[in-house]
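Look below for two forms of one protein chain, each set out as C-alpha cells: first structure 1, then structure 2.
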Structure 1
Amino acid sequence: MIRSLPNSKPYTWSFNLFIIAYFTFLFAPLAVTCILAFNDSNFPSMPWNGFSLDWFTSPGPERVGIFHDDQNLRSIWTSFQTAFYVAILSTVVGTCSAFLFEQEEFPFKKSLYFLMLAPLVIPGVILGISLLLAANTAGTFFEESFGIDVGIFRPSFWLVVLGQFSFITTFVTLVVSARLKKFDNSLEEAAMILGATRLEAIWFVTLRYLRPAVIGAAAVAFLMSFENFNTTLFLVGSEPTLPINLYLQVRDGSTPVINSISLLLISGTSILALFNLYFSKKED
C-alpha cells in the first residue's frame, strides 16, 4: 500500500503505469505543440515535412515567423507592460494587506478579511463584466456632470491592469501572509526599543525578512497577469494582450506561428517557474 509495506508486484506495476500515463496526458499537448513549431508545413499538423525554422525567422510574405510578426510582437509587448504594472501594484497593495491582517487589530477585521478572500471565489468573467459596467457608469457620470471624458473608464490598457490587479492582489496577500506568520515579532520590538520608529522597523527588519516571499509573489503575479484571459476579455480595448490575440487567431484558423509563440511561452514560463521554485526552496 505504501513504501514501508510489502507491495505485490502487480500493484506496484499498475500504479507505475498509471503515473506514466498520467504524465503523458499532462505533457502530450505541450510536447506536440512545440515539435510542430519546427515542421516545414503551412499547417500545424502532421505529416512531418522536415525541420524548419521558418515559423520563427521567416520574414514573409508567404510565411511570417514570429520575429517578424508585428501584430503578435505588439501583443507580447502589451502583455509585458500589463504584467509589469500589475505585478508592482499588486505586490505593494498585497504586502500592505498582509501586514494589515497579520499585525493589526481593528473592528470588522473578520468581515474585511472575508471580503479580501472574495476574489478567490468570484469567477473571472464576473469580475470582468462588473468592472466594465462600473467603469462605464463612472464614465457616463463624469461626462454628464463635468463634461469631461476620462479615458481610463473605457475598455483600455489601464482598465485591464485594474481588473487583473483586483484579484491577483488576493494571491499576493496570501503568499506574503504565510511568510509573515512565521516572523518573530520580538525582532521588530527589539528594533523599536533601540530607537527605530515602527515604519523604520518594518522597512529595515520585517521587509528584509519577507523579501523572498515578496519576490516570489511578484513573480506569480507577473505570470498570472501575463496569462489572464477571462477578466481581460471584457476589459480589453484596442491593444489586445497576448492571450486575447492568440485566442482570436486560434478561433479563426491558425498557422504554425502560434506553435512558435507557444514554444517561446513554454520555455519562458518554465524558466521563470524553476527560478521561483529555486528561490522558495532556498527560503526554507
Structure 2
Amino acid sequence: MIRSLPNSKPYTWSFNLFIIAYFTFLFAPLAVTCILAFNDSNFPSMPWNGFSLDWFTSPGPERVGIFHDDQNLRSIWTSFQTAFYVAILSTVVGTCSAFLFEQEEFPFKKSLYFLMLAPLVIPGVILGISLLLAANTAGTFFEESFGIDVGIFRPSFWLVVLGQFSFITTFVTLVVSARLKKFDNSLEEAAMILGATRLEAIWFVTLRYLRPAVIGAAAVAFLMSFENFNTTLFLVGSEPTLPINLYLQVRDGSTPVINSISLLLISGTSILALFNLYFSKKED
C-alpha cells in the first residue's frame, strides 16, 4: 500500500479489515486467557461465573492460587534460572561468533557459517532427541572407560541449559551480526592510532556501538529459553521448567491457575519487551 497514491474505497476497506482480522486472530486468545484468570470457576474455560482473585491469592485448601502454589513457583524459578544462564552463555558466545564471522577471514568460513545456521532448520524435537542420545553416549563412555559418573550427561538442569544454549546462540549471533555489518571499522582504526590496543578499541568503541543489539539479543535469548518446550522435554530431569510443568498439568487436568500464570507471563514479557524497546531507542 503506497500512501502517496490514491486508493479506492474497496481497497481501503479490505486493507483495514485485514489488519483488524489479523490482530484479532493474534491477540483474542491471549485476551480470553487473561480474562479467565479472574473467573470464579474450578475449570480453566468458559462459562464466566463471576470475578474472583482466588487463582492468584487463595491459600487453599479448596483453591490454591499461584502465589501459594509451591509446585508452579518452583517451576517458574527453575525456568528463570535456566533462562538466566542460557542468556549469559548465548550472549557471550554469540557476540564472539559475530566478531568471528564478520571481521575475520579463515578457511571454510562460509561452510562453517551455514553449519552454524543448522539449528534454525532442525526441528526442536529432533534436536532434543539428538542431544539426549549424545549425552547418554558420552556418559556411558566415561562410566565404562574411567569409572566416572558425570552427572551433567544425565537429564538434569545443566543438560537443559547446554541443550538450549546449543541453538539459542545462533539467534544471538544473527542479531549481533546484523548490527556489526553496519559498523565502520575506521572507528577502531582511529582509536588504535590514538594509542588504544585492539582489545581497548573493541571494548570502548565496537561493543559500545553494539550495546543495543547485545542487550536485545540477550532479552530474546532469555525469553526463548524461558518458553522453550520441544528441546527441554527430552533433557529435563527432576526439576521441570514452567512449560513442562504446565504441559503436565493440562494433560492431567488443571484449574484456572494456569490462566493466572499465563497472565503473569504475558505481563512480564510485555514489560521486558517495552523496556528493551525503550533502551534501544535511547541508545540510538
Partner chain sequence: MMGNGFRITFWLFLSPVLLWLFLLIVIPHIDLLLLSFRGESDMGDPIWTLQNYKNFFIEPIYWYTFLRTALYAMITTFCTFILALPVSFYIVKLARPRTRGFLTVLLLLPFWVSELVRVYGWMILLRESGVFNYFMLKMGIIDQPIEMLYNDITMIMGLVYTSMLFMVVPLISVMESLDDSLIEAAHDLEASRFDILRTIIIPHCKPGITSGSIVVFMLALGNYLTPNLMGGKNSLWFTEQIYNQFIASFNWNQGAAFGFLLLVLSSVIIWVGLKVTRQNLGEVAS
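For residue numbers, the reference is structure 1: its sequence is counted from 1. As the structure is a prediction and not an experimental result, all values here were calculated from the model. Note that the rigid core is defined as the largest set of C-alphas that superpose within 1.5 Å between two forms.
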Open item on the list: Looking for the form predicted on its own among these two structures; is it 1 or 2?
Closed with: 2
Task: After fitting the core, Asn16 CA displacement of 2 Å or more between structure 1 and structure 2 - done: yes
TODO: Note yes or no: does the Cα of Pro59 move by 2 Å or more between structure 1 and structure 2 after the core is superposed?
DONE: no
Open item on the list: Core superposed first: is there a CA shift of 2 Å or greater at Ser238 between structure 1 and structure 2?
Closed with: no
Task: Inter-form CA displacement between structure 1 and structure 2 at Ser45 - rigid core frame, Å - done: 2.5
